[in-house]
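Before any questions on binding or motion, here is one chain by itself as structure tokens, the form predicted on its own.
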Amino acid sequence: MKELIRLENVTKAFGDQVVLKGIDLEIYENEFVTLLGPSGCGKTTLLRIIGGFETPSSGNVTLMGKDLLSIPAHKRPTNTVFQRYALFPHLNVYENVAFGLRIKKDKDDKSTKKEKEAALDAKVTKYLSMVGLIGFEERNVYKLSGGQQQRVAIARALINEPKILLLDEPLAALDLKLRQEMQYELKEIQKNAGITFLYVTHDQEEALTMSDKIVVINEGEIQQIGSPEDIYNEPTNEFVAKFIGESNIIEGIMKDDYLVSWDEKDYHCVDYGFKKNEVIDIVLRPEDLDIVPEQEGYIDGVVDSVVFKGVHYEIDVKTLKRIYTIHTTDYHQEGKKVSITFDKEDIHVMEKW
């Protein structure tokens, strides 16, 4: 893939408050990249710098090797979709989508008015089809559902064919079921449009569902960059492990390559490259742990609590040293004596945060 945007040591301060601290990031053509982190971590500021709505305090931003910061916002090959759709209430669906093309001036275009209108109609139809709104052309936008309004906003942003579409928490105002449906639709739209999406969210499920690459940010610093599988299965530190899904995080010792110890017991693992006897953190995902009869697993304990979550039970097992949270489809009664087991691949070792 070709590199589209590169950020080098980008910082941003508002007065005494530093919101971005030396951001280095590469974004490639046709990628779905998600900036993920808690509110106030700097992800929207980063998006606004790329869009031209903010200027960094220091650092470089390039587009295909050329300085992006010297290009005014309205001339950048970007478009933005916001949480609030900002549709024009006096225009129908068709005219909302066509608006960007109607105001676009092309001095070299010698087409007749009829030819221009035909070309515009073809493009509007193309992008309404892409977002599943054929047949809604004459509909007033305020009569659309939230999801339909968001699709109009996306079609309007895509019709000028930007190199990168910036999306700032665009699904946050939708209800849960519609938000989940739109996650899959957005990924499909991005594939069909063939352009880069840069998406901002604090919702881990959205990031894991849609992204090719996730950039986890906390307090203005990138914590980890990787695929959804990498971020979930191999978090680099405690923040990432806690922010992406649920985790049992345990302090331990890396005795040697492929050998880790916690609570005075050794376990074989698949991690290596740490110093001998280095103090580390261990991640055990709740869904990777299994409950078996007492003394048949690695760690014995007692079922401390059981909560039904719909697709699984969340069970806390209290052992001599700590409490482990386990997700399982099997019910186990409170007070029952059990044992916990897991595979060596389920032990994820990371540097102490």
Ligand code: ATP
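What you see is a predicted model; the values in this text were computed from it and never measured. For every residue, the number given is its place in the sequence shown, counted from 1.
There is also a form predicted in complex with this ligand; it is not shown, and the following applies to it.
- Contact check for Gly301: every heavy atom lies farther than 4.5 Å from this ligand in the model of the complex.
- Proximity of Ile340 to this ligand in the model of the complex falls outside the 4.5 Å heavy atom cutoff.
- Among residues of the shown chain, Pro293 is not one whose heavy atoms approach this ligand to within 4.5 Å in the model of the complex.
- Taking the partner from elsewhere, Gln333 is found to have every heavy atom lying beyond 4.5 Å of this ligand in the model of the complex.
- A heavy atom within 4.5 Å of this ligand in the model of the complex is found for one listed residue only; from Glu169, Glu234, Glu137, Asp271, this is Glu169.
- Heavy atoms within 4.5 Å of this ligand in the model of the complex map, among the stretches 320-328, 31-39, 282-290, 307-315, onto 31-39 alone.
- Taking a 4.5 Å heavy atom cutoff to this ligand in the model of the complex, the one contacting residue in 1-15 is Phe14.
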